[in-house]
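Shown next as structure tokens: one chain only, the form predicted alone.
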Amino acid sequence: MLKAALLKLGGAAATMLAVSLLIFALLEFNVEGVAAKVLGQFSTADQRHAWLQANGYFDPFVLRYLRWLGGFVTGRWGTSTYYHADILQLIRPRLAASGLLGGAALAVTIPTALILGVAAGVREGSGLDRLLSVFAILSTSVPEFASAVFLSALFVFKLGWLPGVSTLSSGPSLRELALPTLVLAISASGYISRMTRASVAEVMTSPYVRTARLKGASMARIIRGHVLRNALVTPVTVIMLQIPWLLSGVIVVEVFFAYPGFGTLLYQASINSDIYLIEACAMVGVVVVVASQIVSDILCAWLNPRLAMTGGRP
């Protein structure tokens, strides 16, 4: 078990190093391009050369990468060329805003998806099961911008119940969080509920469930005592995969509703060629992805201890 945990941690560290090297190579291998993005397209060749010399860009590539990686680890992420502010201080409130939105979306998505998935899996082939299948197909096939437009047309323009933007200018507001949260919840809940349904349906056919039924145990007791713990391994993995998606994959939702989150910051950094801010946002995304996978492995091992003993293999 300890060996498996060490292997997972080593694999996570290796993944982060590999991705960080790729990010740095893609964005900073061409030093002339870096100087042009930082100083602007109207800077002269002499100005760019002097800037590159002063910032150590003529050093070997490996040395520059290690210096950049050390700066990221120690919290020295540089200065944004577009916002002219310290990147770490710039990212913190945006991460908090995306965390608030993501947490609200998960708070709606998880119980809804699990309840629907368990109910459909227990009654496989029923009307509820078919209805869930239709909902899952629709929710996963409709892109976020389309559902955002539809919900805005309904709740903002038709009914006038909710605001069309979520700027949080006066602090967090339930009315401003409602629409982006609903869009994210619809996009994620269909897939999670479908995976939960498949996992529950598989567990319902297992021998120990059939034995419990033959002994006269109630369905509620069977679900609580036998089905949930064994069936939740797959849904937990899927739910943890939603966290990195909520962090960096909600750019469309945040930009659509003018939400001041991490996704909007990454979008603005990209369109303004803010190279240092792009690097920092990409590395934050890598850290979140790796951390969410580690937490997922821990939760799955707790739900099914056999996974811990086999290194994550059922």
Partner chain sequence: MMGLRNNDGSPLHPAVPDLADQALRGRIDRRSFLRTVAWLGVNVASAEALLGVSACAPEPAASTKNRIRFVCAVQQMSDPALTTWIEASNLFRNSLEFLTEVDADNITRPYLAESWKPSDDLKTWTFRLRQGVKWSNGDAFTADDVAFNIKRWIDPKSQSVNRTTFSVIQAFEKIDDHGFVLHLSRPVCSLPEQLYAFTCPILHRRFEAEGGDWPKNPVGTGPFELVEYDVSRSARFRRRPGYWGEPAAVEEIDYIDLGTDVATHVAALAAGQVDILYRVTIAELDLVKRLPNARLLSGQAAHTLVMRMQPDQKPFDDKRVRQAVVAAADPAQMLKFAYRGLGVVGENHHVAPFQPDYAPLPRQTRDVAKARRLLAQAGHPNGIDLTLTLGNTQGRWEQDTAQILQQNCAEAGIRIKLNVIPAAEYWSIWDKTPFGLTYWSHRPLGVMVLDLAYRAGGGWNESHFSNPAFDHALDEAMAILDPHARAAAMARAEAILQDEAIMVQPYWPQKFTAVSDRVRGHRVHPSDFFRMDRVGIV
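Residue numbers count along the first chain shown, from 1. Remember, it's a predicted structure, so these values are computed and weren't measured experimentally.
As for the form predicted in complex with its partner chain, it is not shown, yet the points below apply to it.
4.5 Å heavy atom contact, Pro260 to its partner chain in the model of the complex: Contact with its partner chain, yes.
Partner proximity in the model of the complex: Phe256 to its partner chain, non-hydrogen atom cutoff 4.5 Å: Phe256: contacts its partner chain in the model of the complex.
Residue contact check: Arg92 to its partner chain in the model of the complex, 4.5 Å heavy atom: Output for Arg92 is no: heavy atoms all beyond 4.5 Å of its partner chain.
In the model of the complex, Pro172 touching its partner chain (heavy atom, 4.5 Å): Although its partner chain is absent here, Pro172 would stay clear of it in the model of the complex, with no heavy atoms inside 4.5 Å.
Interface segment, criterion being heavy atoms within 4.5 Å of its partner chain in the model of the complex, picked from 23-31, 63-71, 280-288, 265-273: Result of the contact check: 265-273.
Its partner chain: the contacting residue among Leu128, Ala96, Val156, Leu138 in the model of the complex [heavy atom, 4.5 Å]: Answer to the contact question: Val156.
Single option in Val165, Leu100, Leu88, Ile115 placed near its partner chain in the model of the complex, where near means a heavy atom within 4.5 Å: By the 4.5 Å heavy-atom cutoff, the listed residue in contact is Val165.
Residues of 76-96 having any heavy atom within 4.5 Å of its partner chain in the model of the complex, listed in sequence order: In sequence order, Tyr82, Tyr83, His84, Arg94 come within 4.5 Å of the partner.
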